[in-house]
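Next comes just one chain, in structure tokens: the form predicted alone.
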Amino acid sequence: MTTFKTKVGRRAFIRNISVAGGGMMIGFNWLASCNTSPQKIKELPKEWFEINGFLKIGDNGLVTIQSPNPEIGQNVKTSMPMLVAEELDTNWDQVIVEQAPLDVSKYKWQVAGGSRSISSSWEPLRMAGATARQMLLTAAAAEWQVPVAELTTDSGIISHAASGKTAHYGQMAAAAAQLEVPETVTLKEIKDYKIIGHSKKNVDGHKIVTGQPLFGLDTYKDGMRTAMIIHAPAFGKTLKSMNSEAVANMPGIEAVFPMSVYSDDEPQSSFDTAAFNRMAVIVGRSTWEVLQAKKALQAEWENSPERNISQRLFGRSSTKKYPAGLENTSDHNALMASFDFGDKRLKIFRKDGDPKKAFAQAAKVIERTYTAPFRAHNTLEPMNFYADVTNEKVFVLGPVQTPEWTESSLSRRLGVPKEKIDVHLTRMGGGFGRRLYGHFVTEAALISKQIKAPVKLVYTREDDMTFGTYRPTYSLKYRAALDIENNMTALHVVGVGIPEKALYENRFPAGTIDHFLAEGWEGDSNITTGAYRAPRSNFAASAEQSFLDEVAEAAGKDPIDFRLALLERAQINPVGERNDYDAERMAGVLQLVKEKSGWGSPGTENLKRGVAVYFCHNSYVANVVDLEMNGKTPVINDVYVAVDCGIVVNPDAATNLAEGGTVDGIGNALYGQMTFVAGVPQQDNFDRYRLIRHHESPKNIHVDFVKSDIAPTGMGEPPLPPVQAALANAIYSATGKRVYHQPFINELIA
């Protein structure tokens, strides 16, 4: 077993315990709770009624655990409490889980982003459970007058074998709550886990399938108005004037006014990003009435000037440039295509060896270019938020991935101290990075302040799709040098993008080749972009792994064996010291997917299949895709997914994430794109923005995890990137035609 101190440096992990009515509460400065919801009060012992805390134990042994991080479908509302319950050594059936609100004084990382929810809380959450268990044991030892070392716990029961005495946790909760928090606690060995590593059903599953109100759009409160926005029709334009009188007297309409979300002369958080800062607002009694007024409102728009916005993130300052003008996809593509190897506009990000000499001496050179368009997030639940702003407080409720940063933005924009802001979270109908940007929360709060009443802001699908924030548009250009014996001797990659490049200069295959050069460039745009599931990796993997397949073919080598040979070099004699991947773990998922898919075994010779492997968010995923062509459309039969994400906390949830990421990646690579003409988005709903459909999903997805004792790493994002390349490589296997430009369907039907 591993012993951990419960206090670290000057900042204590654990605050003092609190006592109320015989229950026990442990509060952590990283992990704390909210008031118990009214729905749960009837189920809880009376002794808990006034208790606040992360972990609560009633006199009947029932345990309430607060889940601190936003839930966007990754199932952390189940998996995070599992960590606490494991070390508490309680029965999972005796656990009630509730969503905690924002509390920056008690939580460390209350964000749904970067696939960090579990990894960042792996130790503190387990420590919460272990500390409670130790205090319960100490209380029992004192009452029974026996050494603590002679006591054991199992499923919420304390036992003393010598005397035969037993007690459930609730019987010791009041006494335990009087004790000092122990200086150290011992955490379980992996072999002793009873909950971690064992599948537990989604704690909200029954509520979801029975339609109970869990999501922001389900919010209805007394006196609440409905609000909608009207933004500029094109990027590069802004609101000039509006004819509010024409709709102000329409049925149910209570207010029509212009609004600026942020002040251009004040620094913003990078997560304040809003596509259109100035907009028209309509407020009314019902969604239908507001929609009718929205259709009737006439507004005049003018060209936006160039803007330079000061931004701050994690203590760093930067300036974001939004140029004037109306942009076109054709111009973006032409600009990115204008870059060639060694272009003077490019910045060198990594150089190993002497690439120029290696290419000059090459027996064969392979060059390929890959591109991807802007892409919309398209969460199932459009943007929405409830706000009630009064002179006394600011109360907001809804789906946002970054509640802490959103609170800071509200405080700055409203001029209200954070102590007067109360942020509560609902379950989200999808996030994928779109809800990292909390401008819609600020919008709702400003509207509530203006009308002096509670309001629910709702975007239509058209609002959401044409408002940004998009995945950037990218281009990656590769060339590889092969010697006379078909060994790859040099690799040169150029990554350009608008307004961000998709270049990871220190990831595989960097470190496996003596001569390596990575260059990049980024162009400004007034089309707003942001993090999209597996940011940058969602395209970098597709291009990189597609290109490596072509190099393997040119070298006359099996694509898996080719990659494994590179990874062996990185293990034995790596090039450079900045390689940010573990070559052994990366090879491990390749070997696992090779085994599970039967790659190269008898009977697979005629399968049309492709392979890929990628590292991001500290996890490793390899795919094999099997497909056949129905005319010009791929029919995907099987996808094999091998994952190394460290210890798998909840196998069902992790499998669901792998399956979802697989389908999402395939759909995005085949169909997803946003295009622009004179700044106007050409796709504003699902009749023009193509999503993957049920019958187009893989018939079978086979998910396997590498057995590991490494602390958990990312799982929400890593399954998406590599499957796009495996798909592209399988398409080549089936058609003899390589695809280079997403969405692939355009090339297939051309």
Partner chain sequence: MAIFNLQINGRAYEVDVTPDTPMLWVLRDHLQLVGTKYGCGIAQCGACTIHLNGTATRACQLQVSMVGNAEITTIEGISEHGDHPVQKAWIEEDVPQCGYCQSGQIMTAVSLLNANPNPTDAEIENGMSGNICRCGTYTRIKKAVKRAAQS
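Everything quoted here is computed from the prediction, not taken from an experiment. Positions refer to the first chain, counted from 1.
The discussion below concerns the form predicted in complex with its partner chain, not included here.
The closest non-hydrogen atom of V209 lies within 4.5 Å of its partner chain in the predicted complex. Its partner chain is not drawn, but in the predicted complex it has no heavy atom within 4.5 Å of F547. Contact check for F314: every heavy atom lies farther than 4.5 Å from its partner chain in the predicted complex. Among heavy atoms of K106, none comes within 4.5 Å of its partner chain in the predicted complex. Of the candidates H377, R563, H492, H439, H377 is the one whose heavy atoms come within 4.5 Å of its partner chain in the predicted complex; the others do not. Put simply, of V680, I421, L217, V97 only one has a heavy atom within 4.5 Å of its partner chain in the predicted complex, and it is L217. Picking from 285 to 293, 536 to 544, 566 to 574, 88 to 96 the stretch near its partner chain in the predicted complex, with a 4.5 Å limit on heavy atoms, gives 285 to 293. Using a 4.5 angstroms heavy atom cutoff to its partner chain in the predicted complex, all of R461, N656 and V663 count as contacting. Using a 4.5 Å cut-off on any heavy atom, the one residue of 532 to 547 that reaches its partner chain in the predicted complex is Y532.
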